[in-house]
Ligand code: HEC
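Only one chain is included here, represented as structure tokens and corresponding to the form predicted on its own.
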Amino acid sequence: MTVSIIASEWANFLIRWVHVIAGIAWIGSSFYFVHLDLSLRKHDKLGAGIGGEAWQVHGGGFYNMVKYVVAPPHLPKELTWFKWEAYATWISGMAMLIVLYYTQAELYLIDRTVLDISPAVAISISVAGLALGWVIYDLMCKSPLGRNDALLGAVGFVLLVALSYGFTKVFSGRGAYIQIGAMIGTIMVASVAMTIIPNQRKIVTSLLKGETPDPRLGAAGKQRSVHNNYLTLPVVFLMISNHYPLAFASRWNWLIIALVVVIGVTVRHFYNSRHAHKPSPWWTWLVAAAAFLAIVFLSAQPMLTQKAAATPSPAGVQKAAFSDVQDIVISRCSMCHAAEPVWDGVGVAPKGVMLETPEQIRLHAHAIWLQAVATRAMPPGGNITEISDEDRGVIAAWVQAGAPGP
């Protein structure tokens, strides 16, 4: 293994590590402050301009949290800004998008059975989509629609589903999921960078000048923060979706995204309601459970409709010899799934799965069936190694027989 491959793999690992760490920090602070804001309580002893307080205990210490309606009368010398978690998450996420999906667009971003486009065109559409998503969202929030949170949420959901459907008609299923996740993530971070932090700075500037800050600045920032809170769980799902072909490779993948958003929003609504000491909306769990069961059902549809998955072998072979399966896997899969991959741009076998020996092939029989037969997620790039339906049928018959060895 060359030094360049080792360096590339560790760079990939470092980017992922940073992305996970930054994401945890951002999600944690976001969840905490929404919880804090909802749990604040008003009482007669609070002074003018104070919106509420909350007492908390953690790590053996007691904390008295007080929120000012707009801002305190005097600005403290030290003020903590919560922004770098969001920025680090987006920067590391974009680095991953470039390293994994842009530099290997032929494998992961493009599916030529969906739309035959060049890597340059696919990347351009992706980048434009990220920018356009933010512009549309920002305009919606600033329009009269933004004054009605319920209506804004409904229109935003419909738009998100429409974009999900559109991207599944441009990219591979895997690529579409990452594109939607990256677009939502970009919207969330841009809200921090373009609205929340600038508005906070304007409030600070007004205080330093002895002026009364405009309360609309804080309200706009809070609206974006609440949106980020509700979008967090769907984004996390989309970011890890490339490991689950039953979701992204389904012919109903766009609808699955919509259901994931429903699950994420309803779960957050449950906890936000409890934080606000409102009656617990237990119905949200029924909605989430029903949506999840619908996802499971939809993910099974390709297996029920594709000929190669519905029958043991489209070629009419009732029993598949292991030697035939091994020939198929070696010729169609092992150029990437090998100790020394020969596919350009692949330095290490994806997920560490190697399919070169009989033992390795039998060990991963279930994964081979799931990826190549049930969902047809592999080979990537819209069947880039051109495995035939007959070959998929041979694998199906072999797995159905218990994946016997040579």
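Numbers follow the displayed sequence, beginning with 1. The shown structure was predicted, so the numbers you read here are calculated from the model rather than taken from an experiment.
We do not show the form predicted together with the ligand, though everything after this point is about it.
Engineer: Spot the stretch among 278 to 286, 180 to 188, 214 to 222, 242 to 250 with residues whose non-hydrogen atoms come within 4.5 Å of the ligand in the predicted bound form.
Structural biologist: Result of the contact check: 242 to 250.
Engineer: Work out which of W254, Y230, Y108, W90 lies within 4.5 Å of the ligand in the predicted bound form, going by heavy atoms.
Structural biologist: For this set of options, the contacting one is Y108.
Engineer: Using a 4.5 angstroms cut-off on non-hydrogen atoms, would S30 count as touching the ligand in the predicted bound form?
Structural biologist: Heavy-atom contact with the ligand at 4.5 Å: absent for S30.
Engineer: Against the ligand in the predicted bound form, would V226 count as a contact residue? Criterion: heavy atoms within 4.5 Å.
Structural biologist: Result no; V226 lies far from the ligand in the predicted bound form.
Engineer: Is A396 a contact residue for the ligand in the predicted bound form, using a 4.5 Å heavy atom cut-off?
Structural biologist: Outside the cut-off, so no.
Engineer: Any of the heavy atoms of V353 lying within 4.5 Å of the ligand in the predicted bound form?
Structural biologist: Contact with the ligand, yes.
Engineer: Considering only 372 to 387, what residues come within 4.5 Å of the ligand in the predicted bound form, judged by heavy atoms?
Structural biologist: If the 4.5 Å heavy-atom criterion is applied to the ligand in the predicted bound form, 372 to 387 yields A372, M378, P379, P380, I384, T385, I387.
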